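Before any questions on how it binds or moves, here is one chain, the form predicted on its own, in C-alpha cells.
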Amino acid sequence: MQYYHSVHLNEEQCQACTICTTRCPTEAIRVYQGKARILDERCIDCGECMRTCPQDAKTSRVDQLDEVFRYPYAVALLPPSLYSQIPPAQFHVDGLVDALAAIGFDATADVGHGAEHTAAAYKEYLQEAAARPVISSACPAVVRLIQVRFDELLPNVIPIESPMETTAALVRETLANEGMKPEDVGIFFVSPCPAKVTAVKQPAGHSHSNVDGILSMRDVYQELYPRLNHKGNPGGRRLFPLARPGVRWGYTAAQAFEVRGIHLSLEGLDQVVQVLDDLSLGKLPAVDFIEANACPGGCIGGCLTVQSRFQGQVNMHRNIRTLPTRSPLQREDFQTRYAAGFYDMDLPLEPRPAQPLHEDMGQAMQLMLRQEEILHRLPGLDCGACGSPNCKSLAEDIVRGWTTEMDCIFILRESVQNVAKELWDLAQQVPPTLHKRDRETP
C-alpha cells in the first residue's frame, strides 16, 4: 500500500545529526549516507521530527490559500487551538470572522461546535462499550500510532469521527439544506499539526474526508493577524454558535472533563507510548477513558502553531472568558443523528504492520534468528550514532541489507583496534633470513 505523508524531508538542510531518529515514536527514521530517510509504512506524521530538528529540515505539506478561491463558497474550519494564538487584546469573535472574510472566506465554522457533538457521542458510546478503557479517536497521530505499533489496542479506540470531520459534515448538511450544491462548497481546515493533513488526504476509519483542503495555521495567521482590527463588515458569516465547552478541546484534559468517569489525560508522545505499553500488557484495567494527545499541551502545542504552548495556554484561558458558558447543543437533534450513525466511522481501523523481513515465512524466521545473533554482538547502548534509532533496529536494518555492523562505532572501534594490534604484532616479526644473519654477525 502506498501511504500519503504530510511530513517531508528537505535533504539540503539535513545535517545527519540523528536527533530525529531517537525521537520518532515508531522508529520511522534512519540516517543513511549522510541524510535522514523516512520509512513510509512506519511514519504517523506526528511532527515530532519537525519539533526536534535543529536544522528545520522537516516540513509539512499543506494546501495554499489560493485554493480557497477555486470554490464559489469557501468555509474556514477553525480549531479551538486557533484561539490560543491570538493575543487577548486583539481577540474578538466577530472580528475574527470579519478578518477571515477579508482573506476570502464566505463563512466560518468552529470545530469547537463539532467537539461538543463528539463529546456527547463519546458519552453515549461509553455506556455501551465492552472494551475498557476506551481511547479517544480525536488525535489522528495517536490513532496511527496505535495502528502501527499497538494494533492489539484498536478495539479500544472509539469508532467516532474526529471533531474536524464532524464539523465538516455539519457544514455540508447545513449548506445543503440551504440549497447549495456540494461541489460549490469548499471546506478548509486551519491545522495546528501535520497529522490532521494526513487525516484528510488519506483518512483512517472512513472512506473519504468532508474537508477539501488543509491550511497551515502559521500561513493563515500571517494573513489573519493584520486584519483583526479591521473596521466594517466585509460579509463574514458564522455558521454555528460557540461556547466554552467545545473550545476547551484545544488543550489537554478538556475531553476527559466533558466525558468524565475514571480517566487519564495524556500529552506528548512519551506519555502516550508509556501508557499504551502498559495497556498492551494488560495493565490499567480500572480506567474508563483515555484522552491521548500527541502534542505537549494538546493541539495548542502543535508544530504548525505560532505561539509557544505556554503562551497559548495563557491566551486561551483569557480568550474563552468572552464566550458563553453553556453548550448550545440541542439534545433531540443529537440523539437523532447518533441513532442514525451520523458520528460513526464508516470503516474499521486496520493495523498497519511493518514490512516483513521476507515474504517467505521460513526465510523470515531465519532472518529473525540472524537478527538476534547480531543484536547480541551489539553493545546495547542505543546511542543512535549508527543512524538507526537503537541497537535492535540496527540489527533489523543489517538483516534487511540496509547497513552493516561496521556502522556501529563501538564495533568499528574494536575492529580498528584489532587491526592495529595485528599490524603491531606483524611489525615485531623478523624474517628467518634476518635471524640467521644476526647469529653469524660477530
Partner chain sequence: MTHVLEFSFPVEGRGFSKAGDAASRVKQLLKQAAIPTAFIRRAVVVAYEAELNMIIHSNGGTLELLVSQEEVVIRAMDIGPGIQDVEKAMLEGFSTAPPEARKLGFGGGMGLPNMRRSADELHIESDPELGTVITAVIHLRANTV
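Numbering follows the first chain given and starts at 1. None of these values were measured; they are calculated from a predicted model.
Form predicted in complex with the partner chain: not shown, discussed below.
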| item | value |
| --- | --- |
| Contact flag, Arg132 vs the partner chain in the predicted bound form, heavy atom cut 4.5 Å | no |
| Any non-hydrogen atom of Ser308 within 4.5 angstroms of the partner chain in the predicted bound form | no |
| Glu396 within 4.5 Å of the partner chain in the predicted bound form, heavy atoms | yes |
| Any non-hydrogen atom of Lys123 within 4.5 angstroms of the partner chain in the predicted bound form | no |
| Option touching the partner chain, based on a heavy atom within 4.5 Å in the predicted bound form, out of Glu372, Glu173, Asp219, Asp344 | Glu372 |
| Sole residue of Ala89, Ala286, Met361, Ala340 within 4.5 Å of the partner chain in the predicted bound form, by heavy atom | Met361 |
| Heavy atom contact within 4.5 Å of the partner chain in the predicted bound form, the stretch among 328-336, 278-286, 242-250, 176-184 | 278-286 |
| Residues in 325-358 close to the partner chain in the predicted bound form, defined by a heavy atom within 4.5 Å, in order | Pro356, Leu357, His358 |
